[in-house]
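First, one chain by itself in structure tokens, the form predicted on its own.
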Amino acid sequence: MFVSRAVKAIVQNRIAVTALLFLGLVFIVSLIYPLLSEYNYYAHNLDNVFLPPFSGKHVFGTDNFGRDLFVRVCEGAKISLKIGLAAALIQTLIGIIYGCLSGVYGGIIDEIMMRIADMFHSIPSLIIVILLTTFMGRSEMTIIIALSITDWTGMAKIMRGQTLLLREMEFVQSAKVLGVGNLRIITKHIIPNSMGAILVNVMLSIPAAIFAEAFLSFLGLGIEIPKASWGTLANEGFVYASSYPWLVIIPLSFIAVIMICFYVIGDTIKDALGG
């Protein structure tokens, strides 16, 4: 029911449809174009450095090593979107489980769990990334784990509130009288009736995770070269921003537009589900 209402709301909103189509286009092109392109993601060509956009077959131009920027942006899209989606889903899953357990048990258990959540929320993700990269190295998994460790608390508090509200409802009280356990109440009653809040949180968490990854990569704490997310591309291009501005403008534009698309879709779903 929640999914059908969300889909209907998106279809009826032209801006949301446009955002969804653009996301789909970016996803498809990023998967297909590198396979069809004659240019390699890693290969250097020092005879074609700093070519401007639309120079021959180089739609986005080339970088300081002569690498085709269009191919690198496509590869960066796969990395940035993968990190954004994975981090958002893991954060949401952790938050759902934690928040539901906290709300169902209540009392002193709820109080302790919420104080622990506040503690995690107060830890800057930058510190976690630095600690993890020291032991695990700079990789996609490191970024995903770092963002998941620090950013699940928002979903946890949302689900705690939903659980405290729903557990007083007649259908949940009836289930308790019949001897239904807490786990079954959570899976059969709390989570299904909180899908609206969950969907909205996922859609808004994805752009936040993409931006966080881009910020960390821009600081040089993200993906290790020669791989490059959009944040890494922006970091590399920033050095030449005054002379070759497209090197930083193009990846930053993709970050901004993709984030706007996710926020538009998330807000549309939020309005449709009364979130």
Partner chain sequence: MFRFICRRLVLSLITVWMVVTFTFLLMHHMPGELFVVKKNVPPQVLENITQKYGLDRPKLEQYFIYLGNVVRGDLGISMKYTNKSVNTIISKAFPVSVDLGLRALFIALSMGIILGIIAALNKNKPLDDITLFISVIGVAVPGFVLGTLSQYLLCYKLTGFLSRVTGSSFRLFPVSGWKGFSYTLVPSAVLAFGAMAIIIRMMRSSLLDVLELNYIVNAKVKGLSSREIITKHGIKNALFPIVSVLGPLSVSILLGSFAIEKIFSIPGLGHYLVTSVQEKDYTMVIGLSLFTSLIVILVNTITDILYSIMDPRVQLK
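This one's a predicted model, so the numbers in the text were calculated from it and none came from an experiment. Positions refer to the first chain, counted from 1. Throughout, rigid core stands for the largest set of C-alpha atoms superposing within 1.5 Å between the two forms.
In what follows, reference is made to the form predicted in complex with its partner chain, a form of this protein that is not presented.
| said: Please tell me whether any heavy atom belonging to F218 falls inside 4.5 Å of a heavy atom of its partner chain, as the geometry stands in the predicted bound form. | reply: So F218 counts as contacting its partner chain.
- Query: Might R138 be said to contact its partner chain in the predicted bound form, defining contact as any heavy atom within 4.5 Å?
  - Reply: Flag for R138 set to yes.
**Asked** Does its partner chain get within 4.5 angstroms of any non-hydrogen atom of I128 in the predicted bound form?
**Response** I128: yes, in contact with its partner chain in the predicted bound form.
is_contact(V59, its partner chain) in the predicted bound form, heavy atom dist at most 4.5 Å: Although its partner chain is absent here, V59 would stay clear of it in the predicted bound form, with no heavy atoms inside 4.5 Å.
ask   = Where does its partner chain sit in the predicted bound form: which of 41-49, 232-240, 27-35, 59-67, heavy atoms within 4.5 Å?
value = That would be 232-240.
With the partner left out here, which residues of 230-264 have a non-hydrogen atom within 4.5 Å of its partner chain in the predicted bound form? In sequence order, N235, F238, A241, S242, P245, V248, I249, L252, I255, A256, M259, I260, Y263 come within 4.5 Å of the partner.
Would M141 count as moving between the shown form and the other one, using a Cα shift of 2 angstroms or more after superposing the core as the test? No: M141 shifts by under 2 Å between the shown form and the other one.
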